[in-house]
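Just the one chain here, the form predicted alone, laid out as structure tokens.
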Amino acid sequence: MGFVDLENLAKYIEFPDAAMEVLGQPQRQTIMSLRLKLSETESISAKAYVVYHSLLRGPAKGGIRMAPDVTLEHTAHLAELMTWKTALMKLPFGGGKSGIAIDPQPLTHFIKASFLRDWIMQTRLDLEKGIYVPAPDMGTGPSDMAVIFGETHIPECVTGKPIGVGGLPGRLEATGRGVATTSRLAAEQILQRPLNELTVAIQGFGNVGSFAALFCHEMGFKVVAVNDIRGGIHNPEGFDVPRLMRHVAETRSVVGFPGDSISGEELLHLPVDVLIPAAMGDVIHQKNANQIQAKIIVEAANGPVTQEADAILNDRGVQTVPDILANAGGVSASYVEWHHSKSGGMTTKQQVLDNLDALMTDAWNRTRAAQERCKCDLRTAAQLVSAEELISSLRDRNWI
């Protein structure tokens, strides 16, 4: 079973059996063996997975994740999520994902790039034909996407590239910007209070969490708690986020910045208005869902709230902005980069962020309309909006 409960969606809209069959499983799954010889006596190897959940609406779009716990099942789950996310945002993409089961932390840039070239060699035809358009994900970044561009010399075959080799100004900030924008929209429409009266806690201070904090701060929210892998800090009066980001740039952690020390679990339980889990999946689960005091949860990470926790939170009236909406800023900006790479167009960072705000607002409004029409939670509403797009595309392609 996929991460979307298609049978549940069929309670609200007409969902043909043929559409369930197509969307209920990946179109293609590939398992690779990667190997790099380092010396006469030393080598590294890893399994790699490439999953195309759907090519229905366009090229499979999804990042390359490098982590030791990557599996085929998890890669397929993330590819499926991309199908629903791109449909929700009305992007001409399908859903895909790659996973390489290796810890990138001990690898030098040279070794990592050399290892990645073996992955490129095995996916080259799909990259060159535009069947799959990868991007950075956990464990990979712009420099890795530059390696892909360097091997293919096709600018549109990969997004998330450094600006100097065809990347997009604002792409680095895009996911965090989208999280902040949906947090603002949710707060304005659900809580209906001035933003400067509202508090935010953010679990995770990597790329997404840090920029979500920055933009929330600029919008007027009080960011009162943040954490990273080394620890967390709490200040009920709110942090000076630009100063906090400078501290993190210098020390590589939020630890040591003025504020009370706080654990990751304590952060989740704080009595804040908006909670933004921006780290790992499954951090809000059946055992701690009743301790969540936030009024709104905005899923910056993929799948931070489990299905069991979702039911508990819904019963308690806690609104959750789902990941396919909340963190869709990244893939939306990737579409702009892909389009400009094909056309030769150029844009400024502010234009990218303004366009992103408009896309996120449109997706939010369509989701809220579906929620009010169907009297359901936000996650179901977002999936219903995606489902209608996907079913329409299936009919347009004469697949059903």
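Start at 1 and count along the sequence shown; that's the residue number. Note that this is a predicted model, so its numbers are computed, not measured.
The same protein also exists as the form predicted in complex with glutamic acid; that form is not shown, yet it is the one meant from here on.
Of the heavy atoms in Asn314, none are within 4.5 Å of glutamic acid in the predicted complex. Contact check for Pro59: no non-hydrogen atom falls within 4.5 Å of glutamic acid in the predicted complex. Contact check for Asp137: a heavy atom falls within 4.5 Å of glutamic acid in the predicted complex.
By the criterion of a heavy atom within 4.5 Å, Thr159 is counted among the residues contacting glutamic acid in the predicted complex. For the residues Gly204, Pro304, Gly330, Gly170, the 4.5 Å heavy atom test against glutamic acid in the predicted complex is passed only by Gly330. Among the residues Met82, Met145, Ala187, Leu275, the one placing a heavy atom within 4.5 Å of glutamic acid in the predicted complex is Met82.
Relative to glutamic acid in the predicted complex, residues His53, Gly95 and Ser386 are all farther than 4.5 Å at every heavy atom. Comparing 229-237, 215-223, 289-297, 322-330 against glutamic acid in the predicted complex, the single stretch with non-hydrogen atoms within 4.5 angstroms of it is 322-330.
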